[in-house]
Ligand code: NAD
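Given as C-alpha cells, the chain that follows is alone and in the form predicted alone.
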C-alpha cells in the first residue's frame, strides 16, 4: 500500500475499505512514497519501499504530484516501478455508468498502453533520460521502441480482447514515424496473427481519436504505444464521465500495480473531495489479475479474490446508479470521499 500525494491517502484508504467490505483475502503492507517520504526520508522512493514492494504479491499506488518533483532525490515512483518490475502493460478500461451523465453511453473500451518505453523521458534510457539539450534553446527527444516490448504488449491486448468481444484495434502513426511505429505495427500484426478468432484492424492515432467520438460502439480493445495510449485513455475517460471514474493497472508477468489514471488533485485534498471510484476500480483490476495468477493447490484463494473483484465492481455500479446518493462533486454530487466510499460499501450488501 503506497498512499501517494494529494488525495492519494484518502482514495487509497477508500480502496482498502471497500476491499475489506468485499471480503478479499488481502493483507496490506504500508510503504512510504511521494512527498511525505521525501520529507521524512529524503527521497520520493526510499530503498525500504523498493525492497518491500518486491516482497509483496501486488501493490496499490495512490496518485502522485510528479510535476512538483525536481532533482535526483525525487524520482517518479510510478515510472521506476514500471521499468524495474517490467510492468509492460498499462490496462485502462473505460465504460459508461448508469446514473452518470454521459454523451457516449455505448462506449466500453480498454486501452492497453505500452508502459516502459516510448517518448517519455524517464523510461527510455538506462542512465539519465531521453531528452537531450545541446544548447539552451534546443531539445531533442529520443524514443525507444523494441520488438520484444511491442510483442509482449500486443500479446496481453490479444488475450484481453479474446475474453471480451473479440475485437482488437492497433493504433499507431506508421505513416509518419515509419521506423518506430512501423516496427510496432509489424510486430503487432505478427503477434495478432496467432489469435485467428480475433477481428484485428489498425488506425492512425489521429483517425482513432476522431472515430472514438463518431462511432465509439465500434471499439473494444485498443493496443498502442506509450504516449498515444496515455492521451487516448484520457480522452475515453472524458467521454464517459471524467478521470475520477478511470481505473488503471500496470501489469507484468510476475507483478502488478493498481493505479488510477487521474492525478493527485492537491486542491481537493484538504476538503477530502476526491472521487474514490477510479482507485477502487483499480484495486478490483488488481484482484482479478491476482486471481488469474493462482497457484496449484490455492484455488480457493483465487476464487475468493475473483469474487471480491466482482462484488466491488457491482457495488460501484449500484452506488453510481443511486442518483440521490452522496457522490463527489466531479460527477454532480455533494458528498465527500468518505461518504461516497461508505455508499459503495453499503451497496455491496
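Everything numeric here is computed off the predicted structure, so don't read it as measured data. Numbering follows the first chain given and starts at 1.
This next part talks about the form predicted together with this ligand, which is not shown.
Partner contacts here mean any heavy atom within 4.5 Å of this ligand in the predicted complex, and among 98 to 106, 208 to 216, 262 to 270, 192 to 200 they occur only in 262 to 270. Although the partner is absent from this view, residue 319 stays clear of this ligand in the predicted complex, with no non-hydrogen atom inside 4.5 angstroms. Contact annotation: residue 224 falls outside 4.5 Å of this ligand in the predicted complex, judged by heavy atom distances. Put simply, residue 248 is far from this ligand in the predicted complex: not one heavy atom of it is within 4.5 Å. Taking the partner from the other structure, this ligand in the predicted complex has no heavy atom within 4.5 Å of any heavy atom of residue 110. Along 311 to 349, a single residue, 330, places a heavy atom within 4.5 Å of this ligand in the predicted complex.
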